[in-house]
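In the form predicted alone, a lone chain appears below as structure tokens.
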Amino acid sequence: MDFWLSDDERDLQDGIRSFLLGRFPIDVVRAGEEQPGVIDRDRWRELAATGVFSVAADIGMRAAVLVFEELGRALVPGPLAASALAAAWVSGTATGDTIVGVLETLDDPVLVEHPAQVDVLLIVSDEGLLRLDASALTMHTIERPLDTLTPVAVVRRPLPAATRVDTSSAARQFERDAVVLTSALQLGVALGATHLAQEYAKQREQFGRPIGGFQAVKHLLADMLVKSEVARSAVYAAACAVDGAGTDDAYRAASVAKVMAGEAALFCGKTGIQVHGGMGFTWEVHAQRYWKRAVALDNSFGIIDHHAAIIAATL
């Protein structure tokens, strides 16, 4: 299994990073917190035009995780993983005209993210992959979600009838691939939080010198980097397994990636706030946004404990 990136893969990642810096800079993303809908439909279509929502199907999971790593680093809001995998069942997703989310019906309560903007919801069930129009749901929007860029609503039961669009094996594969893409987003969050903390430690001075020169801060930054790089290996390994480029079981590898990337994102988000000191909790500093996104992503497609139990069952 070769984790070294080819020239084409580096170009792909550099290209999407440059695009996101131009169209989704952090100040533009942050402005969504003050809007009724945090997803800018025009920018969503621009994102689709770069191939973000078709890269997994057209090129493969190894390319997709490189793209989603950058989306996570930039804190791009929206149901990215679901929309990137839904083209086979929902028209308009690849072009960005339709926003697709996932409804995890086994949760209690049942929650839906981006309730005001998602068009179609997919449900993974024992019966197969189901489709449901979001407008058919009765929902109560949570006024203050933890991640302001990930609005959430509670869905009132009973749920309306959904349409079966594919088999249970397809549903299971969809869920596995969504786990891998979500872990790539978490990796990007961890790397983004680490970079932000490093830059702050270089600039913030205390006792006449940058705080990055103090051993205690160096240790925090080193721990963040190590956590992120270990998570990177797990995410890339899962992508290789999904593409059939390794001997690992793809479902187990996906759970390993979700655990490692989830822990890295939560750790780096929290530690990044610590490096910034008391101001790390304030709205003016982006450090708290990385931690909040890490928590939101941890609850998507199975929390850390859920995937740890899956891994334990294979030992």
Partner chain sequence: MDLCYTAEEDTFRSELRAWLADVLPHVPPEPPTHEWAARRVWDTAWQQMLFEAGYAGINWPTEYGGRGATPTEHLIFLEETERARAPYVGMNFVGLLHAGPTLVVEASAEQKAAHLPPILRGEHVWCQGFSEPSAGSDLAALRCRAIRDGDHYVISGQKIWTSFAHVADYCEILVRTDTDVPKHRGITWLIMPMDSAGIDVRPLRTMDGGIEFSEMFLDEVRVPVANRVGDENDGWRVAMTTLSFERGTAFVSELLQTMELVADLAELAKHITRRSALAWDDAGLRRDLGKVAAELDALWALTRRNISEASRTGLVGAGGNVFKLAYTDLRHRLGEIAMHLLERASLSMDDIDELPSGRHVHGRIHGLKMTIAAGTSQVQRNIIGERLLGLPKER
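Numbering follows the first chain given and starts at 1. Note that the structure is predicted; figures quoted are calculated from it, not measured.
The same protein also has a form predicted in complex with the partner chain, omitted here; what follows describes it.
**Q** Using heavy atoms and a 4.5 Å cut-off, decide whether Gly22, Phe68 and Glu199 all contact the partner chain in the predicted complex.
**A** Checked in the predicted complex: no contact with the partner chain for any of the three.
**Q** Can you pick the stretch from 189-197, 166-174, 138-146, 223-231 whose heavy atoms fall within 4.5 Å of the partner chain in the predicted complex?
**A** This holds for exactly one stretch, 138-146.
**Q** Do Val154 and the partner chain come within 4.5 Å of each other in the predicted complex, heavy atoms counted?
**A** Result yes; Val154 sits at the interface with the partner chain in the predicted complex.
**Q** Would you check, heavy atoms only and a 4.5 Å threshold, whether Asp305 touches the partner chain in the predicted complex?
**A** Yes, contact at 4.5 Å.
**Q** Although the partner isn't part of this model, could you tell me whether Gln206 comes within 4.5 Å of the partner chain in the predicted complex, counting any heavy atom of the residue?
**A** Gln206: yes, in contact with the partner chain in the predicted complex.
**Q** Looking in the predicted complex, any heavy atom of Asp133 within 4.5 Å of the partner chain?
**A** Judged by the heavy-atom cut-off of 4.5 Å, Asp133 is well away from the partner chain in the predicted complex.
**Q** For 286-315: residues with a non-hydrogen atom within 4.5 angstroms of the partner chain in the predicted complex?
**A** Contacts from 286-315: Gln288, Trp291, Lys292, Val295, Ala296, Asp298, Asn299, Ser300, Gly302, Ile303, Ile304, Asp305, His306.
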